[in-house]
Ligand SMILES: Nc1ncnc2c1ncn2[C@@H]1O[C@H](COP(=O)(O)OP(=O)(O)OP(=O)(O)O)[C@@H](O)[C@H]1O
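There is one chain below, alone, in structure tokens, taken in the form predicted on its own.
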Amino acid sequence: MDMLRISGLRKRFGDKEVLRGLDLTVPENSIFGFIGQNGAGKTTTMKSVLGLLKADGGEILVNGERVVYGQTATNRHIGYLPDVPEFYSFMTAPEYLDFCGAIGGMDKRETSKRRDELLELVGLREETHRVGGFSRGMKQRLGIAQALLARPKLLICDEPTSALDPLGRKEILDILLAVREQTTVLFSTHILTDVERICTDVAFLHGGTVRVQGTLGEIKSRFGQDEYLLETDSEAHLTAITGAFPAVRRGTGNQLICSVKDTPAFEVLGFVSAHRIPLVKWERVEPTLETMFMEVIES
């Protein structure tokens, strides 16, 4: 079953058309990476899913129910973490979750049990300081706990790691990986290494449309190119190789990168052997999400 399905979504702000018939399908129990450059329309899409923006066209279904602008019926299925979550700074983490449970109409006993489970999950169970003294990473973790409080079927996170240091990013990604057993996760980002680490499915957003989407394995199989990295001990040897194989491109330092599609590896190795060029390194390079994203948006 698809937890989220978007068909032909359009949105214009003034003379700028941000979304141009966007189609997106998020499978149930997936960790879905919604990838795009800053300003590509990721937040616009998510606010439309939440019914906070009125689309100019298209349809959005959450758990099979149609999203209607200005109404919140489908939001009972959704937990949402904005890119910069805001809290009442005078509250502690347990107090804040109790407050969220109360305004959400949850039973006090269920709220208390769920609160303790989630604070343990996000590493804040023993934290006694008020939220005003929390670091950015701690606030993000509390935001995830709040978003999961009512056991949503879909957790939406808007750029959850963009302003965090490496340790903070790791903590958030570990939490998102852990909650896959509880909910479907959709998170937008422009940090592609985060997607490679935890996502099962991805979509590339560019020019107001989704250019490609599928499982990470499918996209790597479709767009990933086998490449090899070659490193020599001198500039003269690099010049000789690039002169013989124009499709080989320069890397960093004394490194060259050759695509098997453009330049068969055995031909390069044959040239290197015939000219007695010493190699410092020769290794296969796995395609990265960054190279695949660039290939898609430049095509």
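Predicted model only: the values in this text are computed from it and were never measured. Note that residue numbering follows the sequence shown and begins at 1.
This next part talks about the form predicted in complex with this ligand, which is not shown.
Here the chain stands alone, but in the predicted complex its contact with this ligand, taken as any heavy atom within 4.5 Å, falls in 39-47 among 39-47, 228-236, 255-263, 25-33.
At the 4.5 Å threshold, heavy atoms of E171 stay clear of this ligand in the predicted complex, well away from it.
Contact annotation for R276: none of its heavy atoms lies within 4.5 Å of this ligand in the predicted complex.
Contact annotation for W282: none of its heavy atoms lies within 4.5 Å of this ligand in the predicted complex. Although the partner is absent here, L289 sits far enough away that none of its heavy atoms falls within 4.5 Å of this ligand in the predicted complex. Distance criterion of 4.5 Å from any heavy atom to this ligand in the predicted complex singles out E159 from the list E127, D201, D98, E159. Heavy atoms closer than or equal to 4.5 Å to this ligand in the predicted complex belong, across 6-27, to the residues F13, K16, V18, ordered by sequence position.
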